[in-house]
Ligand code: ATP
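Next up is one chain by itself, shown in structure tokens, the form predicted alone.
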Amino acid sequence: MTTHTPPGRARILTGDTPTGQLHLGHLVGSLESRVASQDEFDCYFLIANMHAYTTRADKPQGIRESTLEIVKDWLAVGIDPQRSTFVLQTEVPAIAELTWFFAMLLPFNRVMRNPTLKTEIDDKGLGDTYSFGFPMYAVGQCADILAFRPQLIPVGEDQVAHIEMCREAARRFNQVYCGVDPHAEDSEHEALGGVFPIPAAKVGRIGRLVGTDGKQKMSKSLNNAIFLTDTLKQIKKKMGQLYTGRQTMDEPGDIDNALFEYVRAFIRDETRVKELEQKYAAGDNIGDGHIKVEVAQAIDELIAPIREKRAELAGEAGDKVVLEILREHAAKANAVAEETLARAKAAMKLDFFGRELRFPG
């Protein structure tokens, strides 16, 4: 079966590893961009449940639950299964096969220099105890993306460096197996016979949202996250923990601090943002606490509809909805990935026999 991107619409692919609830950093870094992309692009969104096993192989039930919960978050923010394709990674066998092929093209030292990989090793305190499969997930992310041959990849700022390794894998494959000139422009690879387009990163409106500790990127594992299900009371409490170093409300403040990152991200009235910046910079009788409350209310206004929709998907009834969506979308996702794999194997002279995947009706 040959699949085609709708005329005039570029394809995008991005996704999440099911490690827990999604938070504000995910919302402004990628989720908002995904929702806005649905009418403009041919959208594929991947749940990387296979990758979750790289650090939680002993927690299969937790990974399964997190997989369903992430899809509920997607539905709650407005990702529409009628306009986008949901991809459950472990139900797309072509991804694992392509991972193996790309692993032969990427030097081990190059994989280990991937800054995203190095950051995760440090943040999770893995030292040298990580599994053999842990660095393999960086190669697997290349396969996640390239299996669907997208032109664009919506990501947070911290993932841009990883996208470069994916681009390297695509270039290398096209050069080695498709005869594409190493000096060819990225935009020319498909026209010159390459199997893979060279995808570009598409960063959301906030490339990297600082957490409520005011220092590190927002992350569940660092306990500095505001979740999409948090109540106003919880949001106020977490915002109250945001440290700025300012002592009094008549002391001039730094409007480039973490607090004002939140002001600019979540207070939509630009006039009000300018007013707060001027007062704060001048030390004009305005305290951090007042601004934190105002930001908390703006965040609550943003996520209240998400929280309400998310509650409707709670429990077994919501699980059933999610599983039905994933089952329905598996056939379409595999049609695209299998076509990619067939093209890749033909280029590699591995097209000995055809194959066909079957799914329950």
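Residue numbers here begin at 1 and follow the sequence given. Owing to the predicted nature of the structure, the values given are computational and were not obtained by experimental measurement.
There is also a form predicted in complex with ligand ATP; it is not shown, and the following applies to it.
Of the stretches 217-225, 101-109, 275-283, 249-257, only 217-225 has residues with a heavy atom within 4.5 Å of ligand ATP in the predicted complex. Within 4.5 Å of any heavy atom of ligand ATP in the predicted complex lies no heavy atom of residue 11.
Taking non-hydrogen atoms only, residue 292 never approaches ligand ATP to within 4.5 angstroms in the predicted complex. Using a 4.5 angstroms threshold between heavy atoms, residue 120 counts as touching ligand ATP in the predicted complex. In the predicted complex, at least one heavy atom of residue 155 sits within 4.5 Å of ligand ATP. Only one of 206, 75, 94, 198 comes within 4.5 Å of ligand ATP in the predicted complex through a heavy atom, and that residue is 206. Of the residues given (268, 233, 113, 124), 124 alone sits with a heavy atom within 4.5 Å of ligand ATP in the predicted complex.
Using a 4.5 Å heavy atom cutoff, none of 168, 171 and 194 lies near ligand ATP in the predicted complex.
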